[in-house]
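So this first bit is one chain, no partners, the form predicted on its own, shown in structure tokens.
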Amino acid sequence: MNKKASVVIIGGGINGCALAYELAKKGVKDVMVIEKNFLASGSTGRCGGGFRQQWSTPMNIKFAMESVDIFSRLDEELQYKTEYYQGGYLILAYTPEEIRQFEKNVRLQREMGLDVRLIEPKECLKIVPDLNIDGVLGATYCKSDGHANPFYVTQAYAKKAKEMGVQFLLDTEVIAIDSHNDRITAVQTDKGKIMTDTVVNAAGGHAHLVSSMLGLDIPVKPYRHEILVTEPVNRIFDPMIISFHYHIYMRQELNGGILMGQGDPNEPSSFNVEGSFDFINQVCKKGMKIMPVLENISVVRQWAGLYAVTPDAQPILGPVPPFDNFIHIVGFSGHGFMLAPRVAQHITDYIVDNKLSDEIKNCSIDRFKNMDLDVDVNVV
């Protein structure tokens, strides 16, 4: 293990690995990624794998649109098959309030250049013929949304970063961070100390614990979200289907399995990643209501992961005072996978060129001093 690195990244998920690659691409080869388990073992490997651009805030829309552009070229750039697939996203509305919000969302999204439509229930059947439209008042549809394999994308970034000189320390836990005069000087792990000029907190659901090592209290809390997958079946539908009303999303994987996830608004903040019977009972009932054709398909496994949630459901990016060399890529509130490609480029520009983009400024932790937050409501 090297005892010094220019940049130490804490967290071997999609954000940590994408950043390591982008730094190496810009010539910063003396980078070390520390992961206490294995790559994508945290929130990244437990997520639904979707990427969508249909958000309600300009910042999330912009990051997502630019990241989708990167996703579309990633297989060729990294020379790795990531199961990238643009099957679209179909987001269902069941209440007049949702329709009004969706109309507002679509206006903003189209103003920003996204090809998205608000459609009638009958048009939903042209996209998903087996959809139950009882109670559906309308939907939004964006054909350029889609999904990829979170493990493959993370490994693709890591493999290329390794080839470019980045070092990965797996099964290694950070136990302390040293500082002097508001500057981080070293990271202490259970395998030794690493002197460094810059530390990046990309620890996902455990980001708050990492920051607390320096006495910082960042507004990020972990919440359990559960997912299941069924046995493989013949192709039924292409888009990811979402209902904010039922707090559910579902998509069909390329191998035919149906993946379904649910956000429980009553879930307390915790580090719990155990599966529950309540989840499988609730999500299957909701799934069959939306897609009755799923009734006789068998569930093969379920799991849980952590959303790292901020008060406005948007990430905290950049340095956190008083440490200008302690950089954060945290608090994505369940959509870190889909925003990571572009966010990594912005953070790289800051670390390498000291370029603080408007996007990073807008996602600064300083925004929480103002209680009039622009909250993204399109979170499930």
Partner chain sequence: MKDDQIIICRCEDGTLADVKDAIHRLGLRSVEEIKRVKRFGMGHCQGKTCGKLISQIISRELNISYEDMAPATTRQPAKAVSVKEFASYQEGN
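Nothing here was measured: the structure is a model prediction, and the numbers come from that model. Positions refer to the first chain, counted from 1.
Quick note: we don't show the form predicted in complex with its partner chain, though the next part is all about it.
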Tell me, which of 189, 179, 144, 155 has a heavy atom within 4.5 angstroms of its partner chain in the model of the complex? 155
In the model of the complex, the residue from 97, 76, 134, 295 with a non-hydrogen atom within 4.5 Å of its partner chain is 295
Give a yes or no on whether each residue among 38, 151 and 281 has a heavy atom within 4.5 Å of its partner chain in the model of the complex. yes
Stretch in contact in the model of the complex with its partner chain, which is absent here, among 38 to 46, 332 to 340, 313 to 321, 57 to 65 (heavy atoms within 4.5 Å): 38 to 46
Non-hydrogen atom contact residue 171 with its partner chain in the model of the complex at 4.5 angstroms: yes
In the model of the complex, residue 104 touching its partner chain (heavy atom, 4.5 Å): no
Residue 235 versus its partner chain, in the model of the complex: is there a non-hydrogen atom within 4.5 Å? no
Using heavy atoms and a 4.5 Å limit, would one call residue 86 a contact residue for its partner chain in the model of the complex? no
In the model of the complex, residues of 240 to 277 near its partner chain [heavy atom within 4.5 Å]: 253, 255, 260, 275, 277
